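Next comes just one chain, in structure tokens: the form predicted on its own.
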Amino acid sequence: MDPLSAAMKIAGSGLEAQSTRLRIVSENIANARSTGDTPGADPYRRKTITFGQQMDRTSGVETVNVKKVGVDEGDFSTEFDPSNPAADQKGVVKLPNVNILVEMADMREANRSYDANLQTIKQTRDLISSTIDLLKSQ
């Protein structure tokens, strides 16, 4: 595989991985205040994502992939709210272990990584187009 096609393949895998990361962060933010269904039940648990690398056998290049979507085993925060249907006998409600500031920072980083991969594809496409134009003029 030529280097320009390899660059596009690698950047494309980066786009896919960062899209998944943005989806996971969005799920975490959407469920930041989701409590359990029954009194004392565990609430939503924050999801995490782990990236890996994989050899694309058809092209011979290393691409990025989502290795695992897991859960954060950190402690839940609690809040005293006896009127909440998820409150236990003491009036304490377990809240998800989602920190909005951490999620927003992760979303920003994923967005920047996505943009970087997109720019790589655009630049590679421009190089291919320039090469074709150069070959046509001869």
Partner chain sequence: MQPIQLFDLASRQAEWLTVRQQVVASNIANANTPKFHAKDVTPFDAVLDKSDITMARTNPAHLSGNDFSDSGDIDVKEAALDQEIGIQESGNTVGLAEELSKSGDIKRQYDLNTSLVSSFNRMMLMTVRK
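Residue numbers count along the first chain shown, from 1. Since we're looking at a predicted model, the values are computed, not measured.
The protein also exists as the form predicted together with its partner chain; that form is not presented, and the subsequent description refers to it.
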* **Every residue of Thr20, Ser34 and Asn99 near its partner chain in the predicted complex, heavy atom within 4.5 Å** => no
Within 4.5 Å of its partner chain in the predicted complex, heavy atom basis, the matching stretch of 50-58, 73-81, 89-97, 36-44 is 50-58
Look up in the predicted complex whether Val64 has a non-hydrogen atom within 4.5 angstroms of its partner chain, and give yes or no. yes
Is Ile10 close enough to touch its partner chain in the predicted complex, meaning at least one heavy atom pair within 4.5 Å?
yes
In sequence order, the residues of 1-19 that place a heavy atom within 4.5 Å of its partner chain in the predicted complex are Pro3, Leu4, Ala6, Ala7, Ile10, Gly14, Gln18
